[in-house]
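Before any questions on binding or motion, here is one chain by itself as structure tokens, the form predicted alone.
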Amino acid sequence: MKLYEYQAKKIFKDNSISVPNGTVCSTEKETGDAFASVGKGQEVILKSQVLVGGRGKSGGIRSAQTVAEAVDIFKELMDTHIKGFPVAKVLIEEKAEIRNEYYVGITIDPTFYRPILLISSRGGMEVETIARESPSALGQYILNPRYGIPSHEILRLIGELGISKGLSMPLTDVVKKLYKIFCNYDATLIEINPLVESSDGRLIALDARLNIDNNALFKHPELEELKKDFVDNKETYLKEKGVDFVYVGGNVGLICAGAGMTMATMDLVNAMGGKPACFCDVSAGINPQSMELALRTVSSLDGIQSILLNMFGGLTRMDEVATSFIAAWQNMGGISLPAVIRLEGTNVEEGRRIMKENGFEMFTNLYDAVQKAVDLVR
């Protein structure tokens, strides 16, 4: 479960990590009130609340110097989609006077299956970009959960990165608190980017990310209140409707049956020169409603140029898949994107017949279907 920035910052603040003074808004009146209470007549920062990165590059973070400007920007942001996701709310914060920017994060290392601490002297950049373009600016330490993070290892990284000695103890304190949150909330990722040194020498979490392992949510009844704010979280909403969905940002939209088939199809699209846009598995319950939900979601993603429906099933009947797809397609009035369809499995001949009668070309070979979807993009 991904938390919105404002939700993560509340947890940070509760754990004594400094965050900017701010308030989250969902109406124009709240925006006007927030400008007065947060900015006190000075410049404020308006930040779109969406569960994807790259908001700044997509115009999702703006500044305003008057109440009228803040309200106008709020209305613009609320009508914006960032990487296919609608803006849920807008966080209005005081403007920070920045001296330096840093990056601090903890996630799970896929090689050692242990938490890994990442610190960089180049905050504001994506950690993948730092690792690729400036590896010497990124310090890493694989944690042993039995011992946590020894202070001397944090200090070693700070020294190697050339970070001011005056920040050694404050930065070590922030890292220790982040790891405490990481463990207490069963997180898969916790990140501050950027962690800024203000003009008065304080360390402030200017941004905040916190992803929590879905399998551990039963241990955290205190998060139920947060989950109420996930109306616009596609992944959470679709999961409740029987559709497993993860957006990865490509140009070929996938709708498949079964997690293994979905991942295999993603790999094939990538191998054949395309870029899969999402993981979308509808096998939990195929019916016209879930199929329409999946089709609407995938077809609305930014950058989509073709859709590949790849269905294979034993218990899943292909005639039911075809009937559900046609019903969803007709209810939507069709879509402007080309669709490539492959069915294989139980009652497949009947399923193919239904598709062909409704004007859809059928593919029997997986490689041919994937190649067609990729070619349509080209």
Partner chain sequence: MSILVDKNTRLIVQGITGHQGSFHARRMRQDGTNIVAGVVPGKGGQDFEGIEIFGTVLEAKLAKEANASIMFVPPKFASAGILEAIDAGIEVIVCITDGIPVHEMMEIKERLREEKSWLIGPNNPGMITPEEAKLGIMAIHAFKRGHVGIATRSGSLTYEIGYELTRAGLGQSTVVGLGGDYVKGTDFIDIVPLFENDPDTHLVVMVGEIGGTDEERTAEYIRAKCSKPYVAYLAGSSAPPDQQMGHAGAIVSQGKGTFQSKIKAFEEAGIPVAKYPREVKDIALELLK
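Positions refer to the first chain, counted from 1. So that the term is clear: the rigid core is the largest set of C-alpha atoms that superpose within 1.5 Å between two forms. Every value quoted in this text rests on a predicted model; they were computed, and no experiment measured them.
Just so it is clear, the following notes concern the form predicted in complex with the partner chain, a form of the same protein that is not shown.
With the partner omitted here, the stretch from 42-50, 63-71, 336-344, 28-36 that lies within 4.5 Å of the partner chain by heavy atoms in the predicted complex is 336-344. Contact check at 4.5 Å (heavy atoms) against the partner chain in the predicted complex: all three of T107, D186 and G313 pass.
Proximity of K95 to the partner chain in the predicted complex: non-hydrogen atoms within 4.5 Å are absent; the residue sits far from the partner. Contact check for L366: a heavy atom falls within 4.5 Å of the partner chain in the predicted complex. Looking at R55, you'd find every heavy atom of it more than 4.5 angstroms from the partner chain in the predicted complex. Remark: S168 counts among the residues lining the partner chain in the predicted complex, judged by a heavy atom distance of 4.5 Å or less. The contact residue chosen from G260, G249, G159, P86 relative to the partner chain in the predicted complex is G260, the criterion being a non-hydrogen atom within 4.5 angstroms. Shown without its partner, this chain lists D79, E224, D200, E128 as candidates; in the predicted complex, only E128 has a non-hydrogen atom within 4.5 angstroms of the partner chain. Residues from 85-121 that approach the partner chain in the predicted complex with a non-hydrogen atom closer than or equal to 4.5 Å are T107, I108, D109, P110, T111, F112, Y113, R114, P115, L118, in the order they occur in the chain. Relative to the superposed core, C278 shifts its CA atom by 2 Å or more between this form and the one not shown.
T364: CA moves 2 Å or more between this form and the one not shown after rigid-core fitting. After superposing the rigid core, the C-alpha of G32 moves by less than 2 Å between this form and the one not shown.
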